[in-house]
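Given next, in structure tokens, is a single chain: the form predicted alone.
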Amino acid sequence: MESLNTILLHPDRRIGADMERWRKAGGGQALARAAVDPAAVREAIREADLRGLGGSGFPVWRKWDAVAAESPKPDKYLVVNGNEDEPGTYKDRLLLEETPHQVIEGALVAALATGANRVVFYVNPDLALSLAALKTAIELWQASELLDLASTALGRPLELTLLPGSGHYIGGEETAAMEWIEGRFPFPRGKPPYPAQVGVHGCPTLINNVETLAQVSHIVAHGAEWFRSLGKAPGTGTKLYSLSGDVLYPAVYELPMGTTLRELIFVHGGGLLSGKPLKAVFTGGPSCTLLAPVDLDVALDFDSLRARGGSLGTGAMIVISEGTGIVKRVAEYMRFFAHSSCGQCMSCKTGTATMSLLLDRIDTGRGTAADLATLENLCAMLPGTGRCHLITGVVQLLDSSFRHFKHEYRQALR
């Protein structure tokens, strides 16, 4: 790996769909190592400090160790979560379309490291190109000796299944994904029990995001120290940042974890359209937090953003320039989340609907000071009241917009 852009997104785009080209470039080496010593693989993941890159930032090794410690009942599942549906996020579909074999190898390495014998690729049904690429890649793996190698090392057949998701935004939550895999509507489950103990069909289940698993084979092949050196401390490795909005060059950029917001927007993104001043950035998609120009030098990693009350989330960065109304944009996103709530938790169902109603009233000049006070009260009451993160993420969005742009809400009232 001579340069950074060969870690996840290979510069030769043709290598992704061609299994032979992928193998000549080193594909399959990590799987061979995992077949020999699965415990060493888990240790490498721990030393690399790989985090869950689907939004949570949870240490991957903890999930892996928890699943590895469980006995099959009678199976163990690994769910590759590709239900990418967060506005402004495009990273997983890019990996599935351009380097599906890398994702599959990472999934099989994880399966060997945890003892999982059933691997389910759970993908947003709207991502037609991703589904087609993955279907072709899985068929090639099923005819390859690499899958036989993995099954032999595991001691029983290793099954690969491709399953389109429900098409619901909430279907990306890990327990909702398990419900859909079992044939039910994707209502999130309460925790505990956690998927590592009671998952798909009551079996121990590991659920990792597509980007997370795409990192695995490189860590195993090149070592934890190499992976850590790619990031900017305290971040490790690389991250795919989905840059969109009012920038000159919107794209998915692979950069060191911990790259600053300023570098991402003004060096790689080319600055703002028409040279307008920066007003705000929605980080991790709209379900996380909103940053202002004062935050331009923040490092885009999980710990640095958390220290500022923010969140990296999926790595989506939606850039807003001066001239765009924050109240209007937040109201638009709130309508999306109110529509996306599964309705299982009353606090989320009524909370998102009420916040959407009040924001629309304020944005259209019909709001009152009491409406704004009600929104502030809801921000204090609702976090943590749902089975999944949706209501908490919505409150983070609204609360961070108050923190930086409260004056715009007051102006809308006047």
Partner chain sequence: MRAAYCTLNFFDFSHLTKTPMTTDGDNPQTINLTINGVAVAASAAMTLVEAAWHGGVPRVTAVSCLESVCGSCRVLLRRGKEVTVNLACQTFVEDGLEAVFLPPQPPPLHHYEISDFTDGWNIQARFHEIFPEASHCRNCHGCVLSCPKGIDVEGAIALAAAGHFRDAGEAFLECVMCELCDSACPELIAPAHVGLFCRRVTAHFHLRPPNLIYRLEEQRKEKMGLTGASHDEHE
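Computed from a prediction, not measured in an experiment: that's the story for all the values here. Positions refer to the first chain, counted from 1.
If you look for the form predicted together with the partner chain, you will not find it shown, but the lines that follow are about it.
Not one of His218, Ser229 and Leu255 is positioned with any heavy atom within 4.5 Å of the partner chain in the predicted complex. The stretch from 329-337, 181-189, 104-112, 151-159 that comes within 4.5 Å of the partner chain in the predicted complex, counting heavy atoms only, is 181-189. This chain is displayed alone, yet in the predicted complex one of Leu278, Leu134, Ala196, Cys342 has a heavy atom within 4.5 Å of the partner chain; that residue is Cys342. Here is the short version: of Val36, Ala69, Ala39, Ala370, the single residue with a heavy atom within 4.5 Å of the partner chain in the predicted complex is Ala370.
Residue contact with the partner chain in the predicted complex: Leu378 places a heavy atom within 4.5 Å of it. In the predicted complex, the partner chain sits beyond 4.5 Å of every heavy atom of Pro59. Residue contact check for Arg46: none of its heavy atoms lie within 4.5 Å of the partner chain in the predicted complex.
Within 4.5 Å of some heavy atom of the partner chain in the predicted complex lies at least one heavy atom of Leu382. Shown without its partner, the chain has Leu357, Leu358, Arg361, Ala370 in segment 355-372 as residues with a non-hydrogen atom within 4.5 angstroms of the partner chain in the predicted complex.
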